[in-house]
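What follows is one chain in structure tokens, specifically the form predicted on its own.
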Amino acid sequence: MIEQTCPLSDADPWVARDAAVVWHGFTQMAAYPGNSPVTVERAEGRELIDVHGNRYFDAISSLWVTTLGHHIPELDQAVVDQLGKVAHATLLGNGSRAAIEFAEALASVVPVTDAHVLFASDGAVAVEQALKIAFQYWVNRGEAGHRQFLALDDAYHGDTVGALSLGDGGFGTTLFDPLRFPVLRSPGYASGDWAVKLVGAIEANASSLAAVVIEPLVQGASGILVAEAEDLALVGEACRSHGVLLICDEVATGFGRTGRLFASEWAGPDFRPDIVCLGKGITGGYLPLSATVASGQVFAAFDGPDLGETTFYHGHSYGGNALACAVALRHLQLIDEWDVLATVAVTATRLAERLADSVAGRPGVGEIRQRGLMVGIDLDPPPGATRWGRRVCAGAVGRGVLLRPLGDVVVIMPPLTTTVEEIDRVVDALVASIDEVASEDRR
């Protein structure tokens, strides 16, 4: 265990100040001070540094958003350069050079034909936009009845009301069921025949579907449930052949996490979603930005007279923020310049080897699932044991590795530039923490 310069406890004055004024998302605030939270002050490379000077390897990429690391000189400079021009100018009825340049670069690489980019600030909002676009697409075409969405079991698409409706519950969202609209649902990636079942649902409901919505290759928040690329291809072909819109939620999987720039690419060049939702890693973790990318066919359905009913009456004050777009453009360039995807391939291989050698089969460990640098490890606590996910991750934090569980699933999602030595650091901390918690519950 690393030596902390200051012990973390509910007596920490920074934790007390935090709990007095900040309401943390997905957090029970009554328990927050006792969970030894880290209060970050600064960062260097792939490490976060707290207010006491303790260092932590950011093995969750600050909730899956940080790609190249923290405090990257080139990204810092992109923000500074844009600050010297303009921080923000609205895209509602006017243009922004920073937004145009990033949209051009994004359109050239995203797997959407004749791409058009609608900006927002968070992944859930990108999904909301996609839902509204798909719904209005059919209305604008004059084709009645396309009012339903088809989604998967175990899906998670965000915490706004439309995104919650697409999701399959969990995370305390049952309370909001009266606000959610009904969707058709098919088995998710935990089912071996999910693609066959989804294709059947598409065939049976094509005339009523506004769109099919999936997380390509990985269902992230459900515990890193994984699919095979050939199954994605089957779904894409079914949507094409039945004239059904396909929405791919790449908020978590986009920008290199799976080893390709976008997870949809694994399904081959013919897999072309009609709409792709992007967020999280889009700016490398620097600033809030998301995007809903629609195909030219979808975009064309909104053409019409000024102020006419085919207009998409939707937009947000900070959509396409200039600072965010400037850093997002430089981030996209660096992924290419640094050959980041090659690094991911090496690091992901090392991670798979270490998990197989050191974690798989260990007491207290169940299934391990991995796609690129997205890993979910099922913990298998003994009867009567509680909060294993929380306790194991707390143990890792005490050893200088920042982790956050999804229930009793430990997620490892390090920055894309992580070295093999840092992978060893993460796995070693995780193994020690699992053994420690297992030992405590055997006493």
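The first residue of the sequence shown is number 1, and the count goes up from there. Everything numeric in this text was worked out from a predicted model, so none of it was measured.
Keep in mind that the form predicted in complex with a small molecule is missing from the display, and what follows is about it.
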Practice problem: Flag V251 as yes or no: does it have a non-hydrogen atom within 4.5 angstroms of any non-hydrogen atom of the small molecule in the predicted bound form? | Solution: yes
Quiz item: Should D274 be classed as touching the small molecule in the predicted bound form when contacts are defined as heavy atoms within 4.5 Å?
Solution: no
Quiz item: According to a 4.5 angstroms non-hydrogen atom cut-off, is G158 in contact with the small molecule in the predicted bound form?
Solution: yes
Exercise. Find out whether any non-hydrogen atom of K280 is located within 4.5 angstroms of the small molecule in the predicted bound form, and reply yes or no.
Key: yes
Quiz item: Judged by heavy atoms and a 4.5 Å cut-off, are W64, G123 and E215 together in contact with the small molecule in the predicted bound form?
Solution: yes
Self-check item: Option from 108-116, 149-157, 317-325, 338-346 whose residues, in the predicted bound form, bring a heavy atom within 4.5 Å of the small molecule
Solution: 149-157
